[in-house]
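Below you will find one chain, with nothing else, as structure tokens; this is the form predicted alone, and questions on how it binds or moves follow later.
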């Protein structure tokens, strides 16, 4: 089982669309896949037409009084399940802080699901917090969508420094460009220069496109309602690049 977190300190950069679309592609490829919507806004839950409600809320979930597998819901898509969000997740930092080994709590909760899923995608809220640290400890890969702007690059540097400071050895940060507008000279300039400074950038780029915004209207992953577009091809390229990376690591 591989745990992949869609994470960025900034909000509004495409984390949810990354988690939802890559999870859909993973399931379509034949992998047993779960999305855990950790954001109290519940965007992933909304896209999959599932009510953002967890019985017992964050306290019982984190305390282990209710098992994760009892909270998981099936989606409309084969091999793709969802652990929905809950508004109480806004207090997850406080709930984690009240227990023992808070940064390892998510890892412990997810471990029993290893026999049931090949991939777990975490749709994460923005910001650096105790929950973020728990996500980092639980995850194998941190997929970080980055808009090619100055402020986005600043937050990427902050994220790298934080991970390095915490010495989270198994976690691999994999940034990629998101919401790219090729009509903007700034975007093109940054996309040309930045990979030279950060060679860990993936080559796949996600465009700023209206069909991605339509996910909220259609309430489903992009590839479920548009079979061939610039955006669907971009997410497919991102998924294939991620899969190639994982396959190369297993050799």
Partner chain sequence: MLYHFDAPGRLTTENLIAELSKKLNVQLVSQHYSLKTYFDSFDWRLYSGGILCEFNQSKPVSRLILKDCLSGQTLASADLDSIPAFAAGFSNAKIRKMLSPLLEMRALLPITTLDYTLYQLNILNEDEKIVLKIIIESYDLINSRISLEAIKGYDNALARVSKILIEAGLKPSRSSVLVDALKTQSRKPSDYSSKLTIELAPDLRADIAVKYILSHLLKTIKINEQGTITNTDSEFLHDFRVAVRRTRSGLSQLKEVLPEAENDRFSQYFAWLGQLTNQTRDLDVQLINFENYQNALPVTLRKDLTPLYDFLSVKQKQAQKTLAAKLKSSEYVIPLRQWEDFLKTPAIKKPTETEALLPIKNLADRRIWKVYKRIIKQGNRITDQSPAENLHELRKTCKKLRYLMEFFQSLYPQKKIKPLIKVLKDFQEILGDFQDLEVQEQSLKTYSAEMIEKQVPANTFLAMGVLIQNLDKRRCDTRNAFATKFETFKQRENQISFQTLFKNNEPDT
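Residue numbers count along the first chain shown, from 1. Keep in mind it's a predicted model, so treat the numbers as computed, not measured.
What comes next is about the form predicted in complex with its partner chain, which is not displayed.
Could you work out which of 200, 213, 69, 189 is the residue within 4.5 angstroms of its partner chain in the predicted bound form, going by heavy atoms? None of the others qualify; the residue that does is 69.
Under a 4.5 angstroms heavy atom criterion, identify the one residue in 206, 26, 61, 50 near its partner chain in the predicted bound form. Answer to the contact question: 50.
So in the predicted bound form, is its partner chain close enough to residue 74 to count as touching (4.5 Å, heavy atoms)? Heavy-atom contact with its partner chain at 4.5 Å: present for residue 74.
With the partner left out here, check for me: in the predicted bound form, does some heavy atom of residue 117 sit within 4.5 Å of its partner chain? Residue 117 belongs to the contact set for its partner chain.
With a cut-off of 4.5 Å between heavy atoms, is residue 81 one of the residues that contacts its partner chain in the predicted bound form? Residue 81 belongs to the contact set for its partner chain.
Does residue 219 make contact with its partner chain in the predicted bound form, using a 4.5 Å heavy atom cut-off? Yes, contact at 4.5 Å.
Pick from 221-229, 35-43, 180-188, 50-58: which stretch has a heavy atom within 4.5 Å of its partner chain in the predicted bound form? In short, 50-58.
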